[in-house]
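What follows is a single chain, given as C-alpha coordinates, in the form predicted on its own.
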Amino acid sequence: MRNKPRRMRRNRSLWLFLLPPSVGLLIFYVVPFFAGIYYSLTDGSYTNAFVGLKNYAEIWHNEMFLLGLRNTMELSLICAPLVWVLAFVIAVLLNRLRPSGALLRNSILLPYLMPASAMLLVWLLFFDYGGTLNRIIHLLGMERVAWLSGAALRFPVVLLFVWKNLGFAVILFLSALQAVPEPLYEYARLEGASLARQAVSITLPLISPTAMLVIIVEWISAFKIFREVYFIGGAYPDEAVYTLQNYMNNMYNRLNYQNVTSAAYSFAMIVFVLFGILFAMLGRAQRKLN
(Lines give C-alpha, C1' and ligand atoms only; values in the text may rest on other atoms or scores of the structure.)
Protein backbone atom coordinates (compact mmCIF):
# COMPACT_ATOMS: atom_id res chain seq x y z
CA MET A 1 0.00 0.00 0.00
CA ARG A 2 2.89 2.38 0.71
CA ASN A 3 4.13 2.01 -2.86
CA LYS A 4 0.76 3.05 -4.31
CA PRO A 5 0.99 6.83 -3.54
CA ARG A 6 4.58 6.83 -4.78
CA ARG A 7 3.49 5.14 -8.02
CA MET A 8 0.64 7.65 -8.44
CA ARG A 9 3.04 10.58 -7.99
CA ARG A 10 5.36 9.04 -10.60
CA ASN A 11 2.48 8.67 -13.07
CA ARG A 12 1.48 12.31 -12.54
CA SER A 13 5.03 13.48 -13.23
CA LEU A 14 5.09 11.39 -16.42
CA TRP A 15 1.91 13.07 -17.63
CA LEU A 16 3.47 16.47 -17.00
CA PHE A 17 6.32 15.56 -19.38
CA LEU A 18 3.95 14.07 -21.95
CA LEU A 19 1.56 17.02 -21.92
CA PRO A 20 3.58 19.56 -24.05
CA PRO A 21 4.30 17.19 -26.97
CA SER A 22 0.73 15.86 -26.78
CA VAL A 23 -0.66 19.40 -27.09
CA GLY A 24 1.65 20.09 -30.06
CA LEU A 25 0.59 16.85 -31.70
CA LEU A 26 -3.06 17.73 -31.19
CA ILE A 27 -2.73 21.29 -32.56
CA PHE A 28 -0.45 20.66 -35.52
CA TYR A 29 -1.52 17.15 -36.62
CA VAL A 30 -4.85 15.92 -35.23
CA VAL A 31 -6.84 19.15 -35.66
CA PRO A 32 -5.53 19.87 -39.22
CA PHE A 33 -6.25 16.24 -40.17
CA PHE A 34 -9.93 16.51 -39.28
CA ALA A 35 -10.12 20.07 -40.61
CA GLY A 36 -8.86 18.76 -43.95
CA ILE A 37 -11.64 16.17 -44.01
CA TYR A 38 -14.15 18.96 -43.39
CA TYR A 39 -12.73 21.08 -46.24
CA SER A 40 -12.84 18.14 -48.63
CA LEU A 41 -16.60 17.83 -48.03
CA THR A 42 -17.49 21.52 -48.59
CA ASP A 43 -17.88 23.65 -51.72
CA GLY A 44 -15.23 26.28 -50.89
CA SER A 45 -17.66 29.20 -50.89
CA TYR A 46 -17.90 31.78 -48.10
CA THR A 47 -20.62 29.66 -46.47
CA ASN A 48 -18.63 26.40 -46.85
CA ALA A 49 -21.75 24.48 -47.76
CA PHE A 50 -21.64 20.71 -47.29
CA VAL A 51 -21.47 18.87 -50.64
CA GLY A 52 -20.60 15.35 -49.51
CA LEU A 53 -18.37 13.39 -51.88
CA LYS A 54 -18.82 15.78 -54.82
CA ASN A 55 -15.21 17.02 -54.64
CA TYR A 56 -13.91 13.45 -54.65
CA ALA A 57 -16.01 12.62 -57.70
CA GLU A 58 -14.66 15.71 -59.50
CA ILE A 59 -10.98 14.96 -58.93
CA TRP A 60 -11.40 11.35 -60.00
CA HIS A 61 -12.68 12.70 -63.32
CA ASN A 62 -9.83 15.23 -63.54
CA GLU A 63 -7.22 14.21 -66.13
CA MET A 64 -4.35 16.00 -64.39
CA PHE A 65 -5.13 14.34 -61.06
CA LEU A 66 -5.21 10.91 -62.71
CA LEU A 67 -1.97 11.68 -64.57
CA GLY A 68 -0.22 12.78 -61.37
CA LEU A 69 -1.51 9.75 -59.47
CA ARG A 70 -0.36 7.34 -62.18
CA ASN A 71 3.11 8.92 -62.42
CA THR A 72 3.52 8.98 -58.64
CA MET A 73 2.66 5.30 -58.38
CA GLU A 74 4.92 4.39 -61.31
CA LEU A 75 7.89 6.35 -59.96
CA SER A 76 7.45 4.86 -56.49
CA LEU A 77 7.24 1.33 -57.90
CA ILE A 78 10.47 1.97 -59.82
CA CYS A 79 12.46 3.82 -57.14
CA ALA A 80 11.64 1.90 -53.95
CA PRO A 81 12.35 -1.66 -55.22
CA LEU A 82 15.46 -0.43 -57.07
CA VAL A 83 16.90 1.10 -53.89
CA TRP A 84 15.94 -2.00 -51.90
CA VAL A 85 17.72 -4.42 -54.25
CA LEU A 86 20.85 -2.28 -54.67
CA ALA A 87 21.07 -1.58 -50.93
CA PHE A 88 20.77 -5.26 -50.06
CA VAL A 89 23.46 -6.31 -52.55
CA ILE A 90 25.86 -3.54 -51.47
CA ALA A 91 25.23 -4.27 -47.78
CA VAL A 92 26.01 -7.98 -48.26
CA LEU A 93 29.26 -7.11 -50.06
CA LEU A 94 30.28 -4.51 -47.47
CA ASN A 95 29.47 -6.92 -44.66
CA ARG A 96 32.03 -9.34 -46.11
CA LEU A 97 34.65 -6.58 -46.28
CA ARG A 98 34.58 -5.63 -42.62
CA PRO A 99 36.57 -4.07 -41.05
CA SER A 100 38.39 -3.01 -44.24
CA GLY A 101 35.14 -1.63 -45.70
CA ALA A 102 34.70 1.07 -43.03
CA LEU A 103 35.65 3.88 -45.44
CA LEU A 104 33.14 2.68 -48.03
CA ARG A 105 30.40 2.36 -45.39
CA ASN A 106 30.96 5.92 -44.23
CA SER A 107 31.24 7.44 -47.71
CA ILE A 108 28.07 5.81 -49.04
CA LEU A 109 26.01 7.77 -46.51
CA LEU A 110 27.33 11.17 -47.67
CA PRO A 111 24.66 11.79 -50.36
CA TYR A 112 21.93 11.27 -47.74
CA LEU A 113 23.53 13.96 -45.54
CA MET A 114 24.13 16.48 -48.32
CA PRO A 115 21.76 19.47 -48.70
CA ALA A 116 19.14 18.75 -51.36
CA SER A 117 19.70 22.10 -53.11
CA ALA A 118 23.42 21.40 -53.57
CA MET A 119 22.71 17.94 -54.93
CA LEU A 120 20.14 19.27 -57.39
CA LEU A 121 22.55 21.90 -58.71
CA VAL A 122 25.17 19.22 -59.34
CA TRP A 123 22.53 17.10 -61.06
CA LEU A 124 21.47 19.96 -63.34
CA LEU A 125 25.07 20.55 -64.39
CA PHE A 126 25.73 16.85 -64.91
CA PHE A 127 22.62 16.21 -67.04
CA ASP A 128 22.60 19.52 -68.93
CA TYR A 129 22.60 19.31 -72.72
CA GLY A 130 26.22 20.48 -72.66
CA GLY A 131 26.97 18.76 -69.36
CA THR A 132 29.32 15.98 -68.37
CA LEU A 133 27.10 13.06 -69.32
CA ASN A 134 26.34 14.38 -72.79
CA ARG A 135 30.04 15.13 -73.36
CA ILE A 136 30.82 11.48 -72.60
CA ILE A 137 28.02 10.35 -74.90
CA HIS A 138 29.33 12.62 -77.66
CA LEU A 139 32.87 11.25 -77.25
CA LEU A 140 31.46 7.75 -77.71
CA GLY A 141 30.04 8.79 -81.06
CA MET A 142 26.36 8.94 -80.02
CA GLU A 143 23.82 11.75 -80.19
CA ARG A 144 23.35 13.95 -77.15
CA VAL A 145 20.15 13.52 -75.15
CA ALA A 146 18.01 16.31 -73.68
CA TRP A 147 17.86 14.71 -70.24
CA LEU A 148 16.12 17.67 -68.58
CA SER A 149 13.09 17.78 -70.86
CA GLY A 150 10.49 15.36 -72.15
CA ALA A 151 10.17 11.75 -71.10
CA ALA A 152 13.97 11.49 -70.63
CA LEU A 153 13.58 13.53 -67.43
CA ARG A 154 12.51 10.35 -65.64
CA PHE A 155 16.05 8.98 -65.79
CA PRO A 156 17.80 11.78 -63.83
CA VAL A 157 14.90 11.96 -61.37
CA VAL A 158 15.04 8.23 -60.59
CA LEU A 159 18.84 8.24 -60.50
CA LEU A 160 18.86 11.21 -58.11
CA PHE A 161 16.44 9.46 -55.78
CA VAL A 162 18.53 6.28 -55.79
CA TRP A 163 21.80 8.15 -55.23
CA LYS A 164 20.39 10.15 -52.31
CA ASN A 165 18.53 7.36 -50.50
CA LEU A 166 20.77 4.36 -51.15
CA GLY A 167 23.20 5.06 -48.31
CA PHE A 168 20.59 5.12 -45.55
CA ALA A 169 19.08 1.84 -46.77
CA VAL A 170 22.54 0.24 -46.87
CA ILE A 171 23.21 1.26 -43.26
CA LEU A 172 19.90 -0.28 -42.14
CA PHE A 173 20.70 -3.52 -43.93
CA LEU A 174 24.25 -3.58 -42.53
CA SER A 175 23.01 -3.23 -38.95
CA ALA A 176 20.77 -6.25 -39.47
CA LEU A 177 23.38 -8.32 -41.31
CA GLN A 178 25.90 -7.93 -38.51
CA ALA A 179 23.45 -9.68 -36.16
CA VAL A 180 23.25 -12.82 -38.34
CA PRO A 181 25.40 -15.62 -36.82
CA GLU A 182 28.49 -16.31 -38.94
CA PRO A 183 28.45 -20.11 -38.27
CA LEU A 184 25.29 -20.36 -40.39
CA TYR A 185 27.23 -19.09 -43.43
CA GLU A 186 30.17 -21.37 -42.66
CA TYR A 187 27.89 -24.40 -42.56
CA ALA A 188 26.19 -23.31 -45.80
CA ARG A 189 29.56 -22.92 -47.54
CA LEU A 190 30.57 -26.39 -46.38
CA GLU A 191 27.38 -27.72 -47.94
CA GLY A 192 28.29 -25.99 -51.20
CA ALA A 193 25.64 -23.24 -51.09
CA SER A 194 26.27 -20.33 -53.45
CA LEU A 195 26.12 -16.66 -52.37
CA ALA A 196 22.67 -16.32 -53.94
CA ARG A 197 21.44 -19.42 -52.10
CA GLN A 198 22.84 -18.12 -48.80
CA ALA A 199 21.12 -14.78 -49.33
CA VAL A 200 17.72 -16.38 -50.04
CA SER A 201 17.83 -19.17 -47.45
CA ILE A 202 19.72 -17.53 -44.57
CA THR A 203 20.07 -13.78 -44.87
CA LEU A 204 16.62 -12.64 -46.02
CA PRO A 205 14.59 -14.79 -43.57
CA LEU A 206 16.69 -13.60 -40.61
CA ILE A 207 16.59 -9.91 -41.52
CA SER A 208 12.98 -9.83 -42.78
CA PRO A 209 11.85 -7.15 -40.23
CA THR A 210 14.65 -4.82 -41.39
CA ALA A 211 13.93 -5.65 -45.03
CA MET A 212 10.30 -4.69 -44.44
CA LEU A 213 11.37 -1.47 -42.72
CA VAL A 214 13.62 -0.52 -45.65
CA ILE A 215 10.92 -1.04 -48.28
CA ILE A 216 8.43 1.00 -46.20
CA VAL A 217 10.90 3.86 -45.64
CA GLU A 218 11.93 3.97 -49.30
CA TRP A 219 8.37 3.69 -50.55
CA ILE A 220 7.30 6.61 -48.36
CA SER A 221 10.32 8.59 -49.57
CA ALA A 222 9.43 7.77 -53.19
CA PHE A 223 5.98 9.26 -52.68
CA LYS A 224 7.76 12.55 -51.78
CA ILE A 225 9.83 12.72 -54.96
CA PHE A 226 8.03 15.97 -55.85
CA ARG A 227 10.88 18.16 -54.57
CA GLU A 228 13.32 16.79 -57.14
CA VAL A 229 10.75 16.93 -59.94
CA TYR A 230 9.75 20.50 -59.06
CA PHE A 231 13.33 21.78 -58.90
CA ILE A 232 14.28 20.22 -62.24
CA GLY A 233 11.02 20.49 -64.20
CA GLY A 234 9.17 23.35 -62.48
CA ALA A 235 5.50 23.51 -61.48
CA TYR A 236 4.35 22.10 -64.84
CA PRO A 237 6.96 19.52 -65.88
CA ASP A 238 6.63 17.08 -68.75
CA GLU A 239 3.71 14.67 -68.49
CA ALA A 240 6.14 11.78 -67.89
CA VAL A 241 7.11 13.20 -64.46
CA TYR A 242 4.04 15.24 -63.52
CA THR A 243 3.34 13.90 -60.02
CA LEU A 244 0.35 14.08 -57.71
CA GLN A 245 2.24 16.60 -55.57
CA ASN A 246 2.56 18.84 -58.64
CA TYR A 247 -1.21 18.76 -58.99
CA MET A 248 -1.82 19.51 -55.29
CA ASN A 249 0.78 22.28 -55.27
CA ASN A 250 -0.84 23.95 -58.28
CA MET A 251 -4.31 23.64 -56.73
CA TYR A 252 -2.99 25.11 -53.48
CA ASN A 253 -1.54 28.10 -55.35
CA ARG A 254 -5.01 28.67 -56.79
CA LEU A 255 -6.46 28.50 -53.24
CA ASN A 256 -8.53 25.47 -54.25
CA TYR A 257 -8.29 23.80 -50.87
CA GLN A 258 -11.15 21.44 -51.64
CA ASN A 259 -9.23 19.82 -54.49
CA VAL A 260 -6.02 19.71 -52.45
CA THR A 261 -7.63 17.95 -49.48
CA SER A 262 -9.71 15.60 -51.64
CA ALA A 263 -6.61 14.56 -53.59
CA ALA A 264 -4.58 14.14 -50.38
CA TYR A 265 -7.13 11.92 -48.64
CA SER A 266 -7.75 9.90 -51.79
CA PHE A 267 -4.03 9.23 -52.06
CA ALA A 268 -3.82 8.44 -48.33
CA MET A 269 -6.51 5.76 -48.71
CA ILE A 270 -4.61 4.20 -51.62
CA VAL A 271 -1.38 4.17 -49.58
CA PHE A 272 -3.13 2.57 -46.59
CA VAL A 273 -4.55 -0.17 -48.81
CA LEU A 274 -1.17 -0.83 -50.45
CA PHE A 275 0.66 -1.03 -47.13
CA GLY A 276 -2.09 -3.28 -45.77
CA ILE A 277 -1.50 -5.67 -48.68
CA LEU A 278 2.26 -5.46 -48.10
CA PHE A 279 1.93 -6.30 -44.39
CA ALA A 280 -0.42 -9.19 -45.20
CA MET A 281 2.10 -10.60 -47.70
CA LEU A 282 4.90 -10.29 -45.15
CA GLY A 283 2.83 -12.01 -42.47
CA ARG A 284 2.02 -14.89 -44.83
CA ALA A 285 5.69 -15.25 -45.78
CA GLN A 286 6.77 -15.34 -42.12
CA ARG A 287 4.14 -17.98 -41.32
CA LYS A 288 5.48 -20.15 -44.12
CA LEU A 289 9.03 -19.78 -42.79
CA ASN A 290 7.91 -20.77 -39.30
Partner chain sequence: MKRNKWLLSLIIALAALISGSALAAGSVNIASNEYISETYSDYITRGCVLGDTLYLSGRSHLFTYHIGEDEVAALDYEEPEAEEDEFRDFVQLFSDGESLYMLSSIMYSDEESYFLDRLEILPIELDGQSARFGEPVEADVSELTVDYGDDNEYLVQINDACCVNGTLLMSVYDSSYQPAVYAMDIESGDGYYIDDLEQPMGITPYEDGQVLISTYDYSDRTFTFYLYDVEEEELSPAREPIAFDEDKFEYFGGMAYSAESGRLFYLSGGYLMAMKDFDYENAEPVAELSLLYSGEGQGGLLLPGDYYVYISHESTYIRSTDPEALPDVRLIVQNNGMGDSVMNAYNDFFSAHPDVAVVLNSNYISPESMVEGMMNRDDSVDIYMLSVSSESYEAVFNRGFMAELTSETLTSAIREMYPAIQEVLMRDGKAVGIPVSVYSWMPGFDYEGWEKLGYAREDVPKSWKEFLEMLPELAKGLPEDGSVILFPEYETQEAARMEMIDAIMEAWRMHLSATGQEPRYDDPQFAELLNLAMTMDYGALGLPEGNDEEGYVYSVSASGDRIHELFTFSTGCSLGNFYNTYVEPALLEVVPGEGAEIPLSITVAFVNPFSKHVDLAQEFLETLLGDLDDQVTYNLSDKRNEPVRSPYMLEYIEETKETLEDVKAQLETADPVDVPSLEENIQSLEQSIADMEENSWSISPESIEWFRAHDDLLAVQRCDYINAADDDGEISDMAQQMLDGRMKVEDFLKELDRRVRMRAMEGN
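Numbering follows the first chain given and starts at 1. Since the structure is predicted, the reported quantities are computational estimates derived from the model, not experimental observations.
Below: the form predicted in complex with its partner chain, not depicted.
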item	value
is_contact(residue 56, its partner chain) in the predicted complex, heavy atom dist at most 4.5 Å	no
Residue contact check: residue 66 to its partner chain in the predicted complex, 4.5 Å heavy atom	no
Partner proximity in the predicted complex: residue 60 to its partner chain, non-hydrogen atom cutoff 4.5 Å	no
Heavy atom of residue 41 within 4.5 Å of its partner chain in the predicted complex	no
Heavy atom distance at most 4.5 Å to its partner chain in the predicted complex, all of 178, 181 and 275	no
Contacts with its partner chain in the predicted complex - residues in 15-48 whose heavy atoms fall within 4.5 Å	39, 44, 45, 46, 47, 48
